[in-house]
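Encoded as structure tokens, the following chain is the form predicted alone, with no partner shown.
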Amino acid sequence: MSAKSLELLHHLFGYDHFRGHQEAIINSAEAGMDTLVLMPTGGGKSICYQISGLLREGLTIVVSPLIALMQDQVSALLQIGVQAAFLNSSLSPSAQREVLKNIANGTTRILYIAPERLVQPYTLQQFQNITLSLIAIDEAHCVSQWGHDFRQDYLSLNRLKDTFPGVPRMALTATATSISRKEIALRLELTDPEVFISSFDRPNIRYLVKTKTDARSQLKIFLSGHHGESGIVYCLSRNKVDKTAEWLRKQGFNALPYHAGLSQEARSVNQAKFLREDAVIMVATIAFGMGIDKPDVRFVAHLDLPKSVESYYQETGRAGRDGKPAEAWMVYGLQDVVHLSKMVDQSDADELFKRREKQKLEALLGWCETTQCRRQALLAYFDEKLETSCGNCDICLTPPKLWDATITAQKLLSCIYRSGQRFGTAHVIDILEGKQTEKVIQNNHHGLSTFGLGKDLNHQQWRSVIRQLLVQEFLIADHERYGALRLTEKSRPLLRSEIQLNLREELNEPRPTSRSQSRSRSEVKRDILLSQSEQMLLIELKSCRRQLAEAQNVPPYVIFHDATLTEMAKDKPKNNEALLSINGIGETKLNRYGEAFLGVIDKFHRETQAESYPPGQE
């Protein structure tokens, strides 16, 4: 390991040791090699390219797809004494000229820029005479059409190889399957890249998945355990975002909407509140989230099914970046699958892309319906094996009961076949339940032998049976015929009773589970236990942090993370040397804020001492 890299880690970021593959990644980039880095959200990707770039001579360019979040990234670097800037359309012409001037004279060391801006001929020409140390391509999965967030602008980034020969490139992402990894390296034309794959496991996140009955009521039950906490609620449509945010406000939550239909100003204001205030719930479409650095997001909830396992992993990964317990909660139903499939069918993409999207959606539905440890199944999707069950997902905490559903499935399959394989879920269930609806009578389906044959199950239980048969490929939903259910070849032996079928039992809504139980995984960061006095000191330290953040118009965590303040409250450092030993405090932040926080600790100590003596006995 380079002594210089460790010195930078300690001096700038306030840490004594690198984590995971960080050291090897930095060594590789410092040696001038291309690298492909897969590291989960909160795993420390930014340190990899920031230190790598600073170790080499010249300017580090960071390609980022989100203009709105570049400011916070740059603010964080300026806080630790690194001259950084961003270049995008939010800057005035004079401000852009000032940025380019500082780049030309070598003042700026790290520049954040959007891909569409970087690949413009004018921009590339301006960088021709600049010494570049490293080009980091963040959110690199955006280049992969096999990925979950493909962006056309990323396809032009391959030209960076020929435009800046000899400059190492580092592609980074938190989410990519083996297929996506190969495509990222191919499309970016990385030269014999060293590939670093960290574990995809986020052991502090508890995965909870339920079938959708009354989504709002289910969400309210879930949020009852999260009052006073920050979180994200994802919805599929803009309209649902607005209505859900309004409903949550009426329930007493500080909820804000975020979607592409809002004005840029409204999005910026709401995002700033989420990042800088406590206990804010952001209700959003997938337009919100990528690059969010807020460490204390305690939950991510989905009111609709995402479009793939990758999307789900990426979105839930925004919870618990600080390593403390967090929850990923989701409700889903067959209607979600039908709606998402319809969106794919109606898109302008080619047939290959549509087929890929449906495969990914089917994989996610299969994961939702699993009867095995969710974490094991999630990691397996990313080609990672977890030897033991996690003890921190709904399947592990409340193992599902299985039942012999062979005869029930035969009733269903027979009903679908006898009604012509032309109808969707709701109509088939109506026949089985013996409901004489207008549609049933019109098609003479009340005369079928299967009419009323399924009264032993309720509507929700029949939906569960259908979902599980779809996942196990006994059925397919014909999306070209509005989700009509059709039998597959696999259903033949089931109809003939040649095989037995066990399905998961549909359970009623369980009581909310305490997040404190079953945290058996050793990788989960343990909370530092504070006494009542230390908790009071922590409140004072957070107040000091908030005042400093508001004065500089930055999120509080840019000053110090909660973990740093908690350690400070526990250790109560009395001087600069002791303060510098706290994780997350480098020399620049010590010089900027040391006096203020030591002052808070000293004042608290004196007041506590005074209260411990009766009057006249000091």
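Quick caveat, the model's predicted, so the values are computed rather than measured. The numbering used is simple: start at 1 and walk along the sequence shown.
Omitted here: the form predicted together with adenosine-5'-diphosphate (ADP). The next part is about that form.
> For this chain shown on its own, do K307, Y332 and S341 all sit within 4.5 Å of adenosine-5'-diphosphate (ADP) in the predicted bound form, going by heavy atoms?
No residue of the spot touches adenosine-5'-diphosphate (ADP) in the predicted bound form.
> In the predicted bound form, which of 34 to 42, 573 to 581, 55 to 63, 548 to 556 comes within 4.5 Å of adenosine-5'-diphosphate (ADP) (heavy atoms)?
Of the stretches listed, the one contacting the partner is 34 to 42.
> When the contact criterion is heavy atoms within 4.5 Å, does S46 count as touching adenosine-5'-diphosphate (ADP) in the predicted bound form?
It does: once adenosine-5'-diphosphate (ADP) is placed as it appears in the predicted bound form, S46 has a heavy atom within 4.5 Å of it.
> Heavy atoms within 4.5 Å of adenosine-5'-diphosphate (ADP) in the predicted bound form: does R19 have any?
R19 belongs to the contact set for adenosine-5'-diphosphate (ADP).
> Taking any heavy atom pair closer than or equal to 4.5 Å as contact, tell me whether L9 reaches adenosine-5'-diphosphate (ADP) in the predicted bound form.
Output for L9 is yes: heavy atoms within 4.5 Å of adenosine-5'-diphosphate (ADP).
> Is the gap between R356 and adenosine-5'-diphosphate (ADP) in the predicted bound form 4.5 Å or less for some heavy atom pair?
R356 lies outside the contact set for adenosine-5'-diphosphate (ADP).
> Within 4.5 Å, heavy atoms only, which of R187, R321, H259, K542 is in contact with adenosine-5'-diphosphate (ADP) in the predicted bound form?
Contact check passes for R321.
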